[in-house]
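Next comes just one chain, in structure tokens: the form predicted alone.
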Amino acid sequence: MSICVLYGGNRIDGNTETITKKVIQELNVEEIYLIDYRIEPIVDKRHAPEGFPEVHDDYNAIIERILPHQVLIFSTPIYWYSMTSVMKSFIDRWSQTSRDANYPNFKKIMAEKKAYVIAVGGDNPYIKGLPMIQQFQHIFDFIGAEFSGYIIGEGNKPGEINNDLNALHAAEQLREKLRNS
């Protein structure tokens, strides 16, 4: 099974990246740090006669990298009770890709994928992070991907995720699930 991790964090070695690394240790994965790429915000042209204009940024290069994988892991800190802006901008562009003649089977290919979310926050994330998980559920439902699970962890300052025994246990379980798939 081929796995790709999309990191939406803005802090190197942050808590979300730390717990994600625990999930993928000893697994063969492709890692993409969205912050390292230029992803322009979507200009919504769904209903314009000319359609979406071509955008000259790094977004399509990322899409090309994720399409071959069967499993996508969306790793994002919880910022203001949602995903980070770079993660949201990346997903927003799926509206454009869904209508892009260069990707005529985008939704069909995405519908063949399993998706996981790993999120860490510092303000009661086990409760306040749930709307974001629901948001991902709706995103995956729309695109057709199977939402196969999520991990929410608690941590604010660097390294605090290592104190969240529930998240660490969930990471170990997900690693085993992915290893045995």
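Start at 1 and count along the sequence shown; that's the residue number. These figures come from a predicted structure and were not determined experimentally.
Form predicted in complex with another copy of the chain: not shown, discussed below.
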{"property": "Another copy of the chain contact at V86 in the model of the complex, heavy atom, 4.5 Å", "result": "yes"}
{"property": "Partner proximity in the model of the complex: A61 to another copy of the chain, non-hydrogen atom cutoff 4.5 Å", "result": "no"}
{"property": "Contact label in the model of the complex: Q25 to another copy of the chain, heavy atom within 4.5 Å", "result": "no"}
{"property": "Partner contact for E146 in the model of the complex: another copy of the chain, 4.5 angstroms, heavy atom", "result": "no"}
{"property": "Residues in 70-102 close to another copy of the chain in the model of the complex, defined by a heavy atom within 4.5 Å, in order", "result": "Y79, W80, Y81, S82, M83, T84, S85, V86, K88, S89, I91, D92, W94, S95"}
